[in-house]
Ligand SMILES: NC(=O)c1ccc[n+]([C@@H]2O[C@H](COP(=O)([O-])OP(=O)(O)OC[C@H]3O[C@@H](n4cnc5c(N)ncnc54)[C@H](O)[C@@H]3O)[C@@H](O)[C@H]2O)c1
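Form predicted alone, single chain, as structure tokens, below.
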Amino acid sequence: MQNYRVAILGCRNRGTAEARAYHAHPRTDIVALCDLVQELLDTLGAEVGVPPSARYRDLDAMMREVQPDIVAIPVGIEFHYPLAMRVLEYGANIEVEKPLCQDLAQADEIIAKAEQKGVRVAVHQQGRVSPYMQAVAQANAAGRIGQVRYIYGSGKGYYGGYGLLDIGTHMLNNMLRFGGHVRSVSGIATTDGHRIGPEDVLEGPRGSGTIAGEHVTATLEFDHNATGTLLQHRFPGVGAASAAYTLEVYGTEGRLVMNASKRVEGAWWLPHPHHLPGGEHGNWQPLDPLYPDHYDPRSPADPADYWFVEEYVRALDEGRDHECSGIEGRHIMEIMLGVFESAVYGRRVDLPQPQRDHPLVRWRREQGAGPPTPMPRDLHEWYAAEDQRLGRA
């Protein structure tokens, strides 16, 4: 069995986390790093054993000289599309930090380029293959809750529109594992207690693109005849409700819950379709997390990131897409932008939508408004600017 040669493009927090997973996996070798900041290159290079000669500040030089099998692109959202397109030109498989890009036109181009080059695209949504998700999926496959009928997902308490593109992309991917693809979405977005207007369409933090809504609520219709609800509601503080980062799968005979917050991470099974406090109806039973046989818990690699690498290795071995494929990533973008579209036009949106531009940008233009006012990129500064816009202390 071949080992896959990996290059990491971007050496900050997410790049470091992904490099640790690829470094720990027995079937992947990190052969190059690329970043514009030499200090980041040297720090990560020393940790994962990449020599100075393979630490690049020029992406094209790295691709020509190293020719990696996989390139990880853990960079800001606004850079996903241009960097993915550049790397795909060299015929490498890629994995892109979530979400795939900023709009559906970009997503379509990435998928088309990968198909043209005969390579795979994965989106780093590691929650879908995490140890506790593996346990929940195994319990569902064993029929422990009967037929799936309803799926609930919640965010971490970030500003709703931003949370939808940040944490919502993970939660939606988790929900798809049990419900299949989404046929239609209906969304409501409010800011400061009122339905959003054109003035509430903003440039999001961290390069997330155009967003709207402090509180975003979506109803989803899945292919597998289940329905679902996704909540992305802002709580006081940044991520103050991270313990609410929960997936719940309702079946005809029981329920499954997974909480992905580091404070209360875990998964549980209820052998009854309805929960009542106390007695046998409150008897939630914990599920044990599942790990690959070769995962070393002493490794600095996060288990979910390690599972993501394991799934990519298996997918490439078998000539198939990653479970978190580019196709899945594009569908998640269709859902998220469909939620925004539904919220501003007041109607259900069937997927995939024929118009591939950003619905919030289109809506502002139709309302006679220009581009949104520039906002800070830093998350905390962005929150402060938005509270000032809303007249809050």
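Each residue number is its position in the shown sequence, starting from 1. Fair warning: this is a prediction, and the values are worked out from it, not measured in the lab.
Not on display, but discussed next: the form predicted in complex with the ligand.
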Name the residue from 70, 333, 34, 360 that puts a heavy atom within 4.5 Å of the ligand in the predicted bound form.
34
The single option of 148, 287, 83, 257 touching the ligand in the predicted bound form, heavy atom within 4.5 Å:
83
Among 124-132, 233-241, 218-226, 312-320, which stretch has residues with heavy atoms no more than 4.5 Å from the ligand in the predicted bound form?
124-132
Do residue 54 and the ligand come within 4.5 Å of each other in the predicted bound form, heavy atoms counted?
no
Should residue 21 be counted as a contact of the ligand in the predicted bound form, where contact means heavy atoms within 4.5 Å?
no
Exercise: residue 266 in contact with the ligand in the predicted bound form, heavy atom 4.5 Å
no
Give a yes/no on whether residue 40 approaches the ligand to within 4.5 Å in the predicted bound form, heavy atoms considered.
yes
In sequence order, the residues of 1-24 that place a heavy atom within 4.5 Å of the ligand in the predicted bound form are 9, 10, 11, 12, 13, 14, 15
